[in-house]
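Just the one chain here, laid out as structure tokens, in the form predicted on its own.
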């Protein structure tokens, strides 16, 4: 059985991936939809033309990851596409935020993504694909968003390395690095802090980000950076010293406060 696995499928970017993949994937027979909120997964599954299996799992819990592993061992599917979208961010100064929430970001954004990727690879064959949701926050350290940015730098680095490791097996890996996307992400992220106002000018729609990501994955691109503004930011982070850029960001934040 050919399947697609989508984590974080209950809302935002993960949900949009399921919707667009439902329209475009013909060789996939079933979607495995993973998130904590069963009711939202069931609602999404009911709108898909593909057969969908709802897996209400909390990927920060070892027992839930083990349940997924056991399901793979039992079903032995062919995973044609893995999309890792589970993750969250909390803005605010590192020392002022709850430790549990910050280590939770690492657990979900890094550890769970790593485990899901590791568990799925043995069930992937040539021309299978992996899409990892990173962020433009991976390009530069982010004071006031420190752990989230660091976690996304991990995702980007891991994805680029895996792209090389898996190339000989014909498995393509794409790290998606959008800037601000219009999703419920900021409802939680801005609870204790706010993003730079200038970033809001670069906000984009979720359907455009996902469409571009699927196109990039299909073409075998290792990194997908959406929108001219974020591509320019990516270039700046390559050309200029990060210390200089952080000083500029610091001045902008001081003017906004």
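Positions refer to the first chain, counted from 1. Because the structure is predicted, anything quoted here is derived from the model rather than measured.
The discussion below concerns the form predicted in complex with a small molecule, not included here.
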Although the small molecule is absent from this view, report whether residue 231 comes within 4.5 Å of it in the predicted bound form, heavy atoms only.
-> no
Answer with yes or no whether residue 183 is in contact with the small molecule in the predicted bound form, where contact means some heavy atom within 4.5 Å.
-> yes
Contact of residue 148 with the small molecule in the predicted bound form (heavy atom, 4.5 Å) | yes
Would residue 133 count as touching the small molecule in the predicted bound form under a 4.5 Å heavy atom rule?
-> yes
Let me know the one among 90, 108, 140, 158 whose heavy atoms come within 4.5 Å of the small molecule in the predicted bound form, would you?
-> 108
Option touching the small molecule, based on a heavy atom within 4.5 Å in the predicted bound form, out of 221, 36, 211, 53 | 36
Based on heavy atom distances of at most 4.5 Å to the small molecule in the predicted bound form, which listed stretch, 24-32, 211-219, 56-64, 42-50, is the contact stretch?
-> 56-64
